[in-house]
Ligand SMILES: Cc1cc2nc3c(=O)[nH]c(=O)nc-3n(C[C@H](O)[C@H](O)[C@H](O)COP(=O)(O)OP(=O)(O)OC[C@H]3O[C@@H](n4cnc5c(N)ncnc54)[C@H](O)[C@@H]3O)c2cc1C
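Presented below, as structure tokens, is a lone chain in the form predicted on its own.
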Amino acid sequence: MQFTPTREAGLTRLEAFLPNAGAYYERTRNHDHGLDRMNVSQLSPWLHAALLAEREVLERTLENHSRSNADKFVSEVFWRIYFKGYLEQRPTIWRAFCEKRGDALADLANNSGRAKAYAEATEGRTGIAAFDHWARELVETGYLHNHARMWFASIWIFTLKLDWVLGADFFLRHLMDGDAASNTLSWRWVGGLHTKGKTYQARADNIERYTSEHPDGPFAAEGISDEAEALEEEIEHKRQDLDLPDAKPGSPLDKRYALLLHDEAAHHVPLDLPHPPELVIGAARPDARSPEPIGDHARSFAQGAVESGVEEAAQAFDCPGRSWSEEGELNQILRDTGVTQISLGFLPTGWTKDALWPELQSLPDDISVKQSLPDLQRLTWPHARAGFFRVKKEIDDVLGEIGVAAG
């Protein structure tokens, strides 16, 4: 599987997967078939970078399959949106994760036993064949099958007894689709923190069954724990009201504005701009994912997505493209061009916002910053208050409101 960080490559992958998005996906999606897998979409890197929009994926899926036939895949797309909306309403989860990660990394530096166990896990040297395979695959490819991510997290937490935030950080550093919401909340879900007391327990027979068609499988997972006692935390993450931008894609902008493309909104097409920008600025920040080194695949995909987005937007709108990489550089770029308004795709709670928002907020008063959020997210996020079931009940109504009809 080739993950090229361009919109064209994402569209090509989408079209290749579409025939399998119905009954075949529902029947086989939990099986890990190896690197050339076609039973799952593997669209998440392009979706995370917003080289593709979730709406596009849903539209094309429902043009090719009935709503009932594609229910499982449609639900999976909405899981991504749900996690984003949930974290947006509970941003203290992300802040607590970052603080706890700092403490856990400091503890590794001062505890040789934990440091040794962590190194064995991240380097694939635990002696648990399945886990070690996935640890190496993640580092070598920048991607893991979703079911493998769950198994891996469960073994990390309940068998190896390692701190879950270090596992989540390991994923964030290496996954091309590393996402603050999906990644953090999925690890919390496995550990029993997202749905309090409910854990996901990896079982050796389950792993063997669902890796039986893998070129290197079936994988053995002898000796993994048969107990999965839920993790606990002292802090209660209370829900906050959503604070979403007023401007939707397509809302009026000044005639002269700069389009800012970033790690989670790297292409102009999904933004549905009302008129061309005067300038396109790229701001890739993959190293903000973690204080630890970022994997080559994660970094190159993020940088490549923003670079290709800037190049294609500059060509489409016949305007200059610039790169914002240094502190204080953005204000100078704007002054050089005389542009006083910036438009960008919404910065969700997470590392991209942490990296960019402080400087955007500190710009002079005469420079305005306008974020935009697609209607699909705007309509779905208010339902992401608790578990996914509430969102699932609203899927058809949301699809109807945005004009996406089943085929």
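Note that residue numbering begins at 1 and tracks the sequence as displayed. Only a predicted model underlies this, so the values are computations on that prediction, with no experimental measurement involved.
One more form of this protein, predicted in complex with this ligand, exists but is not displayed; see below.
At the 4.5 Å threshold, heavy atoms of A153 reach this ligand in the predicted complex. Under a 4.5 angstroms non-hydrogen atom cutoff, this ligand in the predicted complex has F83 among its neighbouring residues. Proximity of N146 to this ligand in the predicted complex: non-hydrogen atoms within 4.5 Å are present. Not displayed here, this ligand is approached by D177 to within 4.5 Å at the level of heavy atoms in the predicted complex. Only one segment in the set 219-227, 311-319, 134-142, 74-82 has residues whose heavy atoms sit within 4.5 Å of this ligand in the predicted complex; it is 74-82. Using a 4.5 Å cut-off to this ligand in the predicted complex, each of Q42, F171 and W187 places a heavy atom inside that distance.
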